[in-house]
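Take a look at this one chain, the form predicted alone, written out in structure tokens.
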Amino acid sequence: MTLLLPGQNAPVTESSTEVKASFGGSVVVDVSAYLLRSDGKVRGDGDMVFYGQTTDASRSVSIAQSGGRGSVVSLDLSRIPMEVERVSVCAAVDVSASPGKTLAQATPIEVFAAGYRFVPVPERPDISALTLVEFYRRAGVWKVRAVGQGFVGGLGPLSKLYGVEVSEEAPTPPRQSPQPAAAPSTTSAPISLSKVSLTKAKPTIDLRKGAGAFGTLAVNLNWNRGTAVKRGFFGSAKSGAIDLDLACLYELADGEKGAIQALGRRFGALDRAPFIKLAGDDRSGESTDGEWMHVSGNQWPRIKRILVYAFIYEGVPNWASTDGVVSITVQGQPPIEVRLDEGSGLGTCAIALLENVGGDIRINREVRYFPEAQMMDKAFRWGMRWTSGSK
């Protein structure tokens, strides 16, 4: 694979391409992308793609965050509007999850873009944001350039540099109702960069619906698929991506209890009880945006509690190396993240408990490990009967 040096450019041979960025150390890094006009500015706030707005209006650029130490930006260059001349892909330290940290503590930084490799190095120890690469048009042909230009100040100043009007609201503390995030738009309305990271020190947040309903709740599990070793028949080792599965236990207001998981093909439903649906099972490891589960927020009054968990279906139980993160997105609220940042040799992890508290949603970070789901069930007093199953 050809190594690009800072400032070097190369032709892009495929209209559908990707940028994969990975980071070292323990610093949590967010990747973003900006669709820019000839003056180097966005046309509107809808041209910023990041954790709070994972695709642009033309659906030509999308992003999947994976554990804070790796992300994938997918581009369909054939669909990018003609008034957009450049797409800049950037990285910034998540100041809420890694306060006081810089990108100098996230090295080595490695970028694979359109079949090329780039290893940017922050030029100063105080750099907290970095333009990694950019795609640009020349005479109707797309090229990619290795950039590596650093900035001080993180995602907010970086976004303002590209013309995004950023809301100055302060991060929402746990156990308080978050302020509504600005909707994706190409107008001049400011965009919110708010994100809530549930930690050991601040494990709980309450979401209040106000006069309206919650809409659809989206739960995403993403992880580093290439860090484990699978076991074949008779225990023989073979390399491959780990199979990490998203699942949940639920209890409805009428007392009905159950599990939603690919194991046993219990995928659930949104339009009827239990009002929870697993979107599928990524057995191949090729999906860049992980696994998804959705909850009908309109039916939240009929749900008592939901325990979101994950289990390793195949592979060595090494949670520390999966670098997993669960993101919970609720309409009108900042994204909420729970990181699986504690190691364990056990195969099941209870991640987050969602409870109906007077019609509101209380989300509590758990990150507790168990050898099997039955023991997790007992710890949370669910009272289920378990049998063996397969996918």
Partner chain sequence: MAVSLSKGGNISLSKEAPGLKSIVVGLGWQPKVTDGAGFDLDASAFIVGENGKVLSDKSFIFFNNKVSDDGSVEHTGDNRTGEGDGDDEQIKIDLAKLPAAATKVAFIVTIHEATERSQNFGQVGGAFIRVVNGDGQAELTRYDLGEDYSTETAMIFGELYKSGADWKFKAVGQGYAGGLAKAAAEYGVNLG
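Nothing here was measured: the structure is a model prediction, and the numbers come from that model. Positions refer to the first chain, counted from 1.
This next part talks about the form predicted together with the partner chain, which is not shown.
Residue-level contacts in the model of the complex: of A320, V152, A253, L270, one residue has a heavy atom within 4.5 Å of the partner chain, and it is V152. Checked against the partner chain in the model of the complex, the candidates R302, K101, H294, R145 yield a single residue with a heavy atom inside 4.5 Å, and that residue is R145. Heavy atoms within 4.5 Å of the partner chain in the model of the complex map, among the stretches 88 to 96, 135 to 143, 270 to 278, 106 to 114, onto 135 to 143 alone. Contact with the partner chain in the model of the complex holds for none of V29, S159 and A218, as no heavy atom of theirs lies within 4.5 Å. Looking at I127, you'd find a heavy atom of it within 4.5 angstroms of the partner chain in the model of the complex. Contact between T17 and the partner chain in the model of the complex is not found at the 4.5 Å heavy atom cutoff. A residue is said to contact a partner when one of its heavy atoms sits within 4.5 Å of a partner heavy atom; Q8 meets this definition for the partner chain in the model of the complex. Among heavy atoms of E83, none comes within 4.5 Å of the partner chain in the model of the complex.
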